[in-house]
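A single chain, nothing else alongside it, follows as structure tokens in the form predicted alone.
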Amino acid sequence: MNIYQYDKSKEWFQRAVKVIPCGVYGHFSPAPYAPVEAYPFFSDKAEGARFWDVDGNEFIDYMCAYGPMVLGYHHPEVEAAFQKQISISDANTVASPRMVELAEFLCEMIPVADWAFFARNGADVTNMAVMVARAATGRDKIIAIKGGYHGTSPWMQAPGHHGTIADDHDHLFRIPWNDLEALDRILAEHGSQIAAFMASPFHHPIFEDNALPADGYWQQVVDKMHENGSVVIVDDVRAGFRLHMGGSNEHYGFKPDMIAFSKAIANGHALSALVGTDDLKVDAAKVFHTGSFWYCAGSFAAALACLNILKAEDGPARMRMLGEKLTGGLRDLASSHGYTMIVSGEPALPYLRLADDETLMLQQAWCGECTRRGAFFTSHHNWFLSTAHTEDDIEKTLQIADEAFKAVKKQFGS
């Protein structure tokens, strides 16, 4: 099996670091990829469930651009809708009717949605949700989960991150996931100050196992927060439309007050959405939050096409099926090589970890060996399935993983 080399990718990175901080910044940067020599950092093209790097290496992509690719790269119907719209208007001095059509579609499809607000990034709408909650309640404190991620706004970054200050966290309480007693303690001591509780539908931190909500957890959170006069916000930016077309909360059987979406909403075109209940509509109207490109019509058209296709094809069911085949196959394969593969989270966006080495070096090496053979895996973050992945892709991936297990066994021993 061919072992990939990344000569041109390295050349591009050497050029990049001269003119761009970090060369490639944020979650696409080399920092989380270990061993760094196993990964490319520049891509020339993408199609379906694959991308090709600047060296011409082909990858079955299990990161899906960190989630936005849900139907496959360059999906013909989505791209046709996008191109048709931008051929007549994209950025404009006044709003597009496509924005209204998308809002109507979301309000019809998502049970808790009585209104929709649009932006470009997930952090745009998680911040908007907090502002709406504060406007509605007249309170300032937010409860979030330890290890939870809702964007790179200073209030959401971990204390000590460069560029943040202690005051950024003055109005934020962090509690453990699935811990109702911790929630009760915060409400007992600070209840009159609590504007909202915000969390992802299931806990998907980096560098550790993901965790589903305990039975009844979310409904009890909703009941406790509403009794306290507080708002419940679900950050569905990462999982949205991969578990349920009505929002991941429908998959788990509860109804929040607001849901933030992005990533999969437009199959890679820049868009995010905040939806909410009628009780918060007036407060949402009063909050000022906007951006230069938030009204670009092309992304609205792409989202309408993407969501209609996902709904018609029952995309969440297909991604779940494919995820179960992939994770079950990898678990069995690991066992056949004498390793223990821990699978957590949801099959459509699972987190996998080899439990045989506490340092994570074995896990990192195995993901790297898979990547340099053509199955793009990361060791620090959950993966993503798309409807473009096929059972043949899964089978080829398992063949790659088998070779990778042989390689790490040579490196680490039995």
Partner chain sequence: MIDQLKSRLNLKAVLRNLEVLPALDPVSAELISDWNISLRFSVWRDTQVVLDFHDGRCVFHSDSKESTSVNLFFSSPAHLNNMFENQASPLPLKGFTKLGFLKKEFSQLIGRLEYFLKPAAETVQDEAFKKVNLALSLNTAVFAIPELMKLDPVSRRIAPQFSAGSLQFSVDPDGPHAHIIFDGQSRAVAFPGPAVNPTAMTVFKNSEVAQALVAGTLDSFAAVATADIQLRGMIPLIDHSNVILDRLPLYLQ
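A quick note: this is a predicted structure, and the numbers were derived from the prediction, not measured. Residue numbers count along the first chain shown, from 1.
Just so it is clear, the following notes concern the form predicted together with its partner chain, a form of the same protein that is not shown.
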property	result
Candidate stretches 63 to 71, 48 to 56, 385 to 393, 29 to 37, one within 4.5 Å of its partner chain in the predicted bound form by heavy atom	29 to 37
4.5 Å heavy atom contact, A188 and its partner chain in the predicted bound form	no
Interface membership of A158, its partner chain in the predicted bound form, 4.5 Å heavy atom rule	yes
4.5 Å heavy atom contact, N127 to its partner chain in the predicted bound form	no
W12, heavy atom within 4.5 angstroms of its partner chain in the predicted bound form	no
Within 166 to 181, the residues that have a heavy atom no more than 4.5 Å from its partner chain in the predicted bound form	A166, H169
